[in-house]
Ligand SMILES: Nc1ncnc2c1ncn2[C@@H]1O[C@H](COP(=O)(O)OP(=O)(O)OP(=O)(O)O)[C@@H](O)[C@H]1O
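Taking the form predicted on its own, here's one chain by itself in structure tokens.
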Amino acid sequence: MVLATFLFTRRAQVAFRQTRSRIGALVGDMAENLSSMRVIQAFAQEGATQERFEQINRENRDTHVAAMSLSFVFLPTVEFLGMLATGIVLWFGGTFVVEGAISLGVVVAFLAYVTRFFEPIQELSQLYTTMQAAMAGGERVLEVLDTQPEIVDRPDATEMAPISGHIELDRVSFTYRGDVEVLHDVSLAIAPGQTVALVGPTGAGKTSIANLIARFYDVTQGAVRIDGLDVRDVRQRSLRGQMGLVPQDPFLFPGTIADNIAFGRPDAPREAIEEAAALARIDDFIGRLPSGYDTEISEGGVNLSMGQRQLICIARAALADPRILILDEATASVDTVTEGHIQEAIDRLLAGRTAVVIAHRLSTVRNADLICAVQDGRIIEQGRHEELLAIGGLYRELYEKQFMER
């Protein structure tokens, strides 16, 4: 019995782990297909997508069949051992009865003992199979729960006091996962209240600089300081609580428009929410909705346009009243008319705040206090719009290309 259980356990653990892995792949592929259905249909790839899903489903089925086959082998094995024990009692007990060594009553008693011994074992063996499957699922859950974040507060980290917004990058180098260096010896000083624009080709390292300022990643070499404090020496919550982010792809949570604007300040009164919406120039649109600020937003904000979602994100950042604001290509996915509305809202939001603006449309950063041209992980040019045009380097090249395209 011990040997059979040991062999089953070793093979069952592997089999049920594979079943959980296959289920994860199946559910992930299904979710991906559903969320990208329009793209699949647009390129007429329904057949290929269906074939891939069926292949993953077959692998999932085969893995489950293999795991259940082990269960169906283990349970009859336990049954067989019970019958074998009964046969042994009958064989030796019958022999002893014939020889007169024991009475027939003793044999009957031992048969009852064998039955009472194996009945609970057989029931436990059925539960053991279920337990193995549950343990495999539990391992995957615990694996996720036990995953340690890469960015953690130091034991001696302190609370960051209210900041003025001075940002310094001191000879910063950064590598993703230790293989490809994306920033090389970057130095930059941003004064409080200054708007700095990062421009350059795709993959130059602009977003990486912004991520390091917010400490979404830690530098590989050098340091990022805010008001003279290394961001690694302060608690993340106290740092990011004084920052605002307007991403390129505006994300809205399920709930009302008011809930989304107040995400950074859940206890904000309705008057403050309306003021933030007015600053973002979206109060007129909200007022025309039947439920106003209590309008429910569908999952992913599909019942709003891209520009409307972006303006709500700007209102969210305005209500949080951050000292440092990061704008990651906030107008990249909208038309020129909507871009004008968003840019006007951004200009009002930037007043009095330190801002790091990442932009591909150079028309949106012409009035920035400082423009940094980033290429191959380095800041190769710094200055105002007119100064960089006069230099005739990367910024002028990018500007002329966009002007010619228009």
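All residue numbers are counted from 1 along the displayed sequence. All figures in this text were calculated on a predicted structure; none of them were measured in a lab.
One more form of this protein should be noted, the form predicted together with the ligand, which is absent from this view; the next part is about it.
With respect to the ligand in the predicted bound form, the three residues V182, T202 and T207 uniformly fall within 4.5 angstroms at the level of their nearest heavy atom. For Q248, a non-hydrogen atom is located within 4.5 Å of the ligand in the predicted bound form, even though that partner is not displayed. When the ligand is considered in the predicted bound form, F96 lies well away from it, no heavy atom lying within 4.5 Å.
When the ligand is considered in the predicted bound form, F92 lies well away from it, no heavy atom lying within 4.5 Å. Residue contact with the ligand in the predicted bound form: F216 places no heavy atom within 4.5 Å of it. Only one segment in the set 302-310, 232-240, 194-202, 139-147 has any non-hydrogen atom within 4.5 angstroms of the ligand in the predicted bound form, and it is 194-202. No residues of 1-26 lie near the ligand in the predicted bound form, the criterion being any heavy atom within 4.5 Å.
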